[in-house]
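Shown next as structure tokens: one chain only, the form predicted alone.
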């Protein structure tokens, strides 16, 4: 008999996929962590039953959270990642040769420990001498920082539980304070298709506009994430992502991508009309 998992996107819809085997299950201080084997998506990580990571398409989310901001910044040397325990974002940041230090602050050490067992291609980045892993509350960590980072990437789970505070104005203001005078912030911002999440997207956008002169939402098509269309919001103190020569920087840094590329850099910021109307 086949086993199927439903990743609910609302009480009325979700993504259903076959599960061949339960590889791992354990509860940390913060959440239940499961790793399952699937025929279509390879190994899949579930946190409290919600799909977070698949071997098949993790590259889309991680490339699109990381590269637009780091390409927009002319010389990103010091980068902060809030969350990102599976180390996929860390992996992509370290592809930029000019990066000298990446600090990753993840609240749940068990996510990283389990990822080392089941997603070693991602967590290999932790061996890079430029990487510093801190297992702590990212909100508390940021309050202690000022004018420290060139780029901050918020690789969070959905805005519930420990991650809820990562979508609030106070946290975004702390991000602004922790950035240098030409710094860039980017955070994952859920799916605009999900009605219950639209107010979160709208409020984050309003809060960012109060803090930054340049705010640029963009999207990516991710087959396993809620409703297939995912949103990110980039906020910059100085650099406009549509005013840079993405092609020159992309090839100069010799990025090896499977989703992101130079033409897509500009195209991602062209939003569907229903998304524009949210703002």
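Residue numbers count along the first chain shown, from 1. Remember, it's a predicted structure, so these values are computed and weren't measured experimentally.
The same protein also has a form predicted together with a small molecule, omitted here; what follows describes it.
Engineer: Work out which of the listed stretches, 68-76, 84-92, 122-130, 144-152, brings a heavy atom within 4.5 angstroms of the small molecule in the predicted complex.
Structural biologist: Contact-bearing stretch, as computed: 84-92.
Engineer: Between the small molecule and 186, 207 and 233, in the predicted complex, does every residue show a non-hydrogen atom at 4.5 Å or closer?
Structural biologist: No, none of the three is in contact.
Engineer: Report the residue, out of 218, 225, 212, 41, that has at least one non-hydrogen atom within 4.5 angstroms of the small molecule in the predicted complex.
Structural biologist: Filtering the options by heavy-atom distance leaves 225.
Engineer: In the predicted complex, which of the listed residues (36, 52, 60, 246) lies with a heavy atom within 4.5 Å of the small molecule?
Structural biologist: When the small molecule is considered in the predicted complex, the option within 4.5 Å is 52.
Engineer: My question is simply whether residue 136 lines the interface with the small molecule in the predicted complex - judged by any non-hydrogen atom within 4.5 Å.
Structural biologist: Yes.
Engineer: I'd like to check something about residue 64: if you look in the predicted complex, is any of its heavy atoms closer than or equal to 4.5 Å to a heavy atom of the small molecule?
Structural biologist: Output for residue 64 is no: heavy atoms all beyond 4.5 Å of the small molecule.
Engineer: Give a yes/no on whether residue 106 approaches the small molecule to within 4.5 Å in the predicted complex, heavy atoms considered.
Structural biologist: Yes, contact at 4.5 Å.
Engineer: Answer for residue 159 alone: is it within 4.5 Å of the small molecule in the predicted complex, judged on heavy atom distances?
Structural biologist: Outside the cut-off, so no.
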